[in-house]
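Coming up are structure 1 and structure 2: the same protein chain in two forms, each one given alone as structure tokens.
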Structure 1
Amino acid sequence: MGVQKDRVRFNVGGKIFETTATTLAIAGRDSLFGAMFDENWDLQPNVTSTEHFIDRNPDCFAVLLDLLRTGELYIPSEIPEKLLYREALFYGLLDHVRAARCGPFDGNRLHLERSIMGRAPGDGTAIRAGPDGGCCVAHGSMVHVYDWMLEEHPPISLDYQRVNDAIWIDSESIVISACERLGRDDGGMGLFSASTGELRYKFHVTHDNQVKSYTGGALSFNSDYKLFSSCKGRSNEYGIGVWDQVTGKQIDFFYEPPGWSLGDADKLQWLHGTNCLLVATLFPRKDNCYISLLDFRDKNMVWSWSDVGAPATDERRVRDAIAMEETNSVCVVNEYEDLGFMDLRSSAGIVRWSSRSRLMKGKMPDEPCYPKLALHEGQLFSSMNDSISVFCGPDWVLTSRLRNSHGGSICDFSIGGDRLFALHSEENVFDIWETRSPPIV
């Protein structure tokens, strides 16, 4: 056996550890180890003979060293998670810990990680997953922010007005939209720091060069740094506003055409492939449903569907809609969790329903929550009462069902940062679902 040249010896809080420079290199340049062994700082000529003293907790160091060696995170029961996270932050390894915490998201292999009780009064409005595992929960006029460690940060609000929607622009910024109170210039939309809760920017709407107050509705953004919101102004200035995320300035406004609904929209979804925005206004906000696809480049409504004039049976009433670009279709759901599909390439306006309502009818709970849809990497999710269904494959077969025994019906859910968050309506509680790390072999 040759002499191993890259051995490194640490004395952490009195405990000796030996490892290799190769293992430490996993930590990356942007960490204590990366800096320490960079040639700028590689001061001692004979690395193997000396030990490096680090004045920190040795037990946590052992866990983190194991993480660098194996890529897996195993936290012994006697170490509180928070302690480990603090140590990881010191070494600059917090991102590694976050990434190793759970496996890549798979709707069919989720398990309930935790349920968190909140203190906010009233019904939950929305829950939104952040890009790196945190989430924010809108209750009435407040939005509570949690980081991926599920530590609560200062809550945010827009003049304590009722919040309609919230959205993570990036892991540091949240935009919320709120109702306007009559006679005051409040409501609208604001950009907040996720970590400190400070209001960083308030988005304005101008019509004919005049700043107008408005009620911000559903939100969406795209990779071109544009931010979209459905807007209701007092003088019938309804439509979709567009802002530049960088400058914060309003750059466009798509006015609602007569006989249609944009300003009241429940849902906005940006489609990257076609550069269009899906806008859906749904029952019960309006008596009828209006789903349209807007192209802002030439101010054109390129596709639209509405149930105006169709018989308003519960089986045919659309409760949520989501565009699926891979298959050029829009998926809709009724209150019995039947899925329906429409072709985006045709304007025929035919919904192909795949009916299961016979199973669901008569089993409705006392306080039902209407279905919501989400799409994540080819898996379709739909919430219904107290459970979430997962559909897969070209024919959208039901493959899994997530249910937590308490909290009542699910009023909203969201997927992001390798987690699924579900917000319950009866009790103020939300669940965090994760995929377990992959098996050893």
Structure 2
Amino acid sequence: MGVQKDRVRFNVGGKIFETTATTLAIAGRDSLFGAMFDENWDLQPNVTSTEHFIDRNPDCFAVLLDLLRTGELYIPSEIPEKLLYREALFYGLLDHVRAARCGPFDGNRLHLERSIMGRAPGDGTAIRAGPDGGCCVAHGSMVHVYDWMLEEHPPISLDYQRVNDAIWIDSESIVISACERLGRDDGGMGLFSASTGELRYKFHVTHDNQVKSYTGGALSFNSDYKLFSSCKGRSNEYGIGVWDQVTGKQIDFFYEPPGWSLGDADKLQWLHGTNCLLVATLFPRKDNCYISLLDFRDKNMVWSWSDVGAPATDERRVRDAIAMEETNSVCVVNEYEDLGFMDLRSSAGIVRWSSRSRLMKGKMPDEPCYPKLALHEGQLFSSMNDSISVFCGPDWVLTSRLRNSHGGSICDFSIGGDRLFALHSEENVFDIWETRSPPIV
């Protein structure tokens, strides 16, 4: 990198600043300052010979320039944080601000940053973290979208079609699945703008060369720009559909085999190492639980497990499941937050249960929210009532517990953008948990 040590002069809102090319290069190619450099990271001709006027807030510019110089973020009390974030967005430095403001995500060092009251008390169904630290919250037929500054964008309305799932394709695009409305060609899935709430295009299911109406369910995608969704149609369109997320065209469909459940799936998870899709249909959506791995390359179910034929006891009723590729296993959880593990290398289908939460037995709330699982950066997270447990290490030892007493039980949570978002059921409150950055000495 051939960065020169030449000084650069700025006039920002009438205040003069001087810095070096080395400092500006830290901002990166995608920042406003990136255009000052050529492909070899040398300053463009005449950059140092002129004073660059920027009609923006000089106090915020001083904070951001200091961030580039030192790598540390100090916000004076007289500068509102939202004002600084807005200016950072203008300069293309929002990622730098986020990285300096929050430390690397660690479930054992999370603190409650704030809680936000939702729009429809008691009706929250799902929360999904965005890649840039924002989130979206679904309740009923509405999806409310928040950016990293937790300012709400125009909501996404599905015209009274109940939302089943949502997934961020990137920081500007959200795919939403919804229930079919009888008598109308609605339901299915659509890709929406996260900033405006506008529908960009819909994902159709084709069966026997005819476009079919269907209910879209659980969602997932992979790095090859393929989008997956569980589907329920009126004819034979039960299974997992695959679409090109760039064009919206259907490219494959894995039909549900007899005696199994795919179209009603509660969870889809793409496994990058094996190029397979985890599909989990869980109680109470179905009377029995069905978990399988699908290989779309040869339309084969390479691994499966079900509790069909097993004693129907709540203690062993699976409420959620997640694949753990590093250990070749699937983790499941029951309504008492007991964790169970199954070996993906074995077809025996034996669950090794590990009892951790017997104190919860007999003390479930009147309207319990069943446990959810998430895996992030080698840490396992499990929600239970109004708290989230964090498990670490090869034996998945309980190391910490996150709890906010306001809002009732947690009905869903999601991790992304260095934040954990938890949605409460009773008051439709959602919490934002962050890892604090180390203090400035």
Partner chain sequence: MSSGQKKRNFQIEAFKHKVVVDPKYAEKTWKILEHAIHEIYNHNASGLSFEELYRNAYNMVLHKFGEKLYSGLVSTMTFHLQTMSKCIEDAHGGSFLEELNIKWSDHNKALQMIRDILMYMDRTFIPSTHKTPVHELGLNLWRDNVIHSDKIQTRLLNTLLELILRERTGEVINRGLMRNIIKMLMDLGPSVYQEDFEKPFLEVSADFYRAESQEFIECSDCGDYLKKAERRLNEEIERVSQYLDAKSEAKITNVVEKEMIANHMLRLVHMENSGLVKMLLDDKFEDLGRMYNLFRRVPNGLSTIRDVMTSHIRDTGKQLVTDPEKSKNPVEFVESLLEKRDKYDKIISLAFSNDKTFQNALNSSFEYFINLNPRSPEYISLFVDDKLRKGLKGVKEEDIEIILDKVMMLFRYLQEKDVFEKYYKQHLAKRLLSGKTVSDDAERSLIVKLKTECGYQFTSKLEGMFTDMKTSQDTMQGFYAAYGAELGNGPTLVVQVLTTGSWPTQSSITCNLPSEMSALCEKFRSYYLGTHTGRRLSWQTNMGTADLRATFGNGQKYELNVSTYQMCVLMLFNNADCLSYREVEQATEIPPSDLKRCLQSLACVKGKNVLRKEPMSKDIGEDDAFSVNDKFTSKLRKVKIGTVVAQKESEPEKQETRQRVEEDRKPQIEAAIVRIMKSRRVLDHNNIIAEVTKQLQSRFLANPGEIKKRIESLIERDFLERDNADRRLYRYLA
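All residue numbers here refer to structure 1's sequence, counted from 1. In this text, the rigid core denotes the largest set of C-alpha atoms whose superposition between the two forms falls within 1.5 Å. Fair warning: this is a prediction, and the values are worked out from it, not measured in the lab.
Only structure 1 is derived from the form predicted together with the partner chain. Annotation: rigid-body hinge motion between the two structures, rotation of the minor part against the major part equal to 16 degrees. The shift recorded for the CA atom of A27 between the two structures is 2.8 Å, with superposition on the rigid core. Summarising the core-aligned comparison between the two structures, the C-alpha atom of N11 is found to shift 5.5 Å.
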